[in-house]
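Quick setup: one chain, the form predicted on its own, written in structure tokens, and binding and motion questions come after.
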């Protein structure tokens, strides 16, 4: 699966706005993930998962920064996320379905933060892009 030129343009354009709110978007995405998919909490037994906790904010920031790395390397996402893929597969052993859950929660968060920008085309582009990211993050499992 690859992105069209128009999809790349949408993602990079929206990223310029997203990148100014990484803490808020990351925190809200994780809060939504743990609320909607509580089984994801099992990977964070050492975290304070209460809304707005320092650990949640810090990890949310890391998650959105990783998405930013993928955006910056939009033509080579696999290379940009290779180490992260290895970490999640070999060390953390995260169930791959959680990447799809996280992607969905990020889509909802983006839609709520940028309603005017999150058109049907933007939704489709981000969904496709996050599917690529999820696929890259799970490729070490094979």
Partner chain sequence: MLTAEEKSSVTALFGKVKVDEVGGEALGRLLVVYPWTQRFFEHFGDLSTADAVMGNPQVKAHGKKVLESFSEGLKHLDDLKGAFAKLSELHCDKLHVDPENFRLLGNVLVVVLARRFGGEFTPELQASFQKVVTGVANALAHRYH
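Everything numeric in this text was worked out from a predicted model, so none of it was measured. Residue numbers count along the first chain shown, from 1.
Missing here is the form predicted in complex with its partner chain; even so, the following discussion is about that form.
- With the partner removed from view, the residue among 97, 87, 111, 65 that has a non-hydrogen atom within 4.5 Å of its partner chain in the predicted complex turns out to be 111.
- Taking non-hydrogen atoms only, residue 52 never approaches its partner chain to within 4.5 angstroms in the predicted complex.
- Interface membership of residue 58, defined by any non-hydrogen atom within 4.5 Å of its partner chain in the predicted complex, is ruled out.
- When its partner chain is considered in the predicted complex, residue 37 lines it closely, a heavy atom lying within 4.5 Å.
- In the predicted complex, residue 121 approaches its partner chain with a heavy atom inside 4.5 Å.
- Stretch 24-32 is the contacting one of 24-32, 39-47, 87-95, 65-73, since its residues have non-hydrogen atoms within 4.5 Å of its partner chain in the predicted complex.
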